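Before any questions on how it binds or moves, here is one chain, the form predicted on its own, in C-alpha cells.
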C-alpha cells in the first residue's frame, strides 16, 4: 500500500486548510492534494463537519451519502497509505483521519448532529442545564429524595422493595418524557430544514431562525438533564 499515489481523480474538492501547499508553497485551488508535488494537505480545523462531507446544514441528512463520503475520504487519508512517507505527511494523515472519524460519529447520530449544529449556529448546549426543567422541578426533587432513601435502605427489606418499585415507575415516566422531548425536537428539526431550504433573509425569517434555535437549545438541554437523571436512576436500582 506504500506505493499508493494520487492523481487528479483522487483529489477531494473540499474547503482548503490553507491557500498554499505546506511542502512546495504552490498556490492551492481547493484540493486536498497539491497539483505540483501531490502532497496531502491538512484538513482545516475551522472546517465544519457538514461542509467536510459536502452536506448542507440541515438536520435531516441522507445517511447513505454521509457514509459514502466518509469511506471515500477515509481511503484517501488512511495512515496505511503514508507509512513510507515523510513524518509531516504521516502526521497530516493521522490528523485528517481523526477529524473525519469525529465528524462522522457526530453527524450520523441525530441528537449529536443537532447539538453540533446548535453549537455552530448559536453556541454550545452542553453545560446549560444545571437544575431540573421547570415543568419537572417537583417531580425531580421527589425522585432525588426517593433515590437517597433507597441508597440508605436495607436492600433486602420490604421498604426497599417498595422504593424500588416506585423508582421503576419514575424511570418509565421520565423515559416517556424523553420521548416527548424527542418528538418535539423532530418538529423543530423539520422547521429548521424548511427555513434553510427557503433561504430567506427577511427580518421575519431571522426571527424564526432565532426562535427555533432557542427552542432546540432548551429541549436539548432539558433532555440531557433528564437523561443523566435516568442513567443515575438505572445505576442505583440495577
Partner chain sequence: MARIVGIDLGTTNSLVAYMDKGTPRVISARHERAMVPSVVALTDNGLIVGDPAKEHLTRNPERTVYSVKRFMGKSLADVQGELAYFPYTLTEKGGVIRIQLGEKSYSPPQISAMILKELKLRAEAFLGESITKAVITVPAYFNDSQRQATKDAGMIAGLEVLRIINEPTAASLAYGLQKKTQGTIAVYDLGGGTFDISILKLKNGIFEVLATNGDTHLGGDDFDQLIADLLLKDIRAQHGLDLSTHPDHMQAVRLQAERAKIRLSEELKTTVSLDLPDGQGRFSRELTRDQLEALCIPLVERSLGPCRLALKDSGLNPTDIDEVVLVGGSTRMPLVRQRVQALFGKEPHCELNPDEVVALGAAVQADILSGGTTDMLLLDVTPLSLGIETMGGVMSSLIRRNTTIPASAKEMFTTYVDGQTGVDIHILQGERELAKDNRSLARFRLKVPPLPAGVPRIEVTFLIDANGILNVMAKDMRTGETQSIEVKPSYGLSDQEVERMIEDSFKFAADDVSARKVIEARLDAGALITTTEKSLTDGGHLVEAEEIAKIRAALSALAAAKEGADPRAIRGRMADLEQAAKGLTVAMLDDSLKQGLQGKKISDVT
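Residue numbers count along the first chain shown, from 1. Since the model is a prediction, treat every value here as computed from it, not as a measurement.
Not pictured, yet referred to below: the form predicted in complex with the partner chain.
Can you say which of 113-121, 94-102, 136-144, 157-165 gets within 4.5 Å of the partner chain in the model of the complex, counting heavy atoms only?
-> That would be stretch 94-102.
Using a 4.5 Å heavy atom cut-off, state whether residue 74 contacts the partner chain in the model of the complex.
-> Looking in the model of the complex, residue contacts with the partner chain include residue 74, since a heavy atom lies within 4.5 Å.
In the model of the complex, does residue 150 have a heavy atom within 4.5 Å of the partner chain?
-> Answer no; every heavy atom of residue 150 is more than 4.5 Å from the partner chain in the model of the complex.
The partner chain contact in the model of the complex: residue 132, any heavy atom under 4.5 Å = Outside the cut-off, so no.
Though only this chain appears here, would residue 87 touch the partner chain in the model of the complex if you measure heavy atom gaps against 4.5 Å?
-> No, no contact at 4.5 Å.
Could you spot which one of 189, 33, 50, 70 gets a heavy atom to within 4.5 Å of the partner chain in the model of the complex?
-> Comparing distances to the partner chain in the model of the complex, the residue within 4.5 Å is 70.
Contact set, 78-99 vs the partner chain in the model of the complex - heavy atom within 4.5 angstroms | Read in sequence order, the residues that approach the partner chain (within 4.5 Å, in the model of the complex) are 78, 79, 80, 81, 83, 84, 94, 97, 98.
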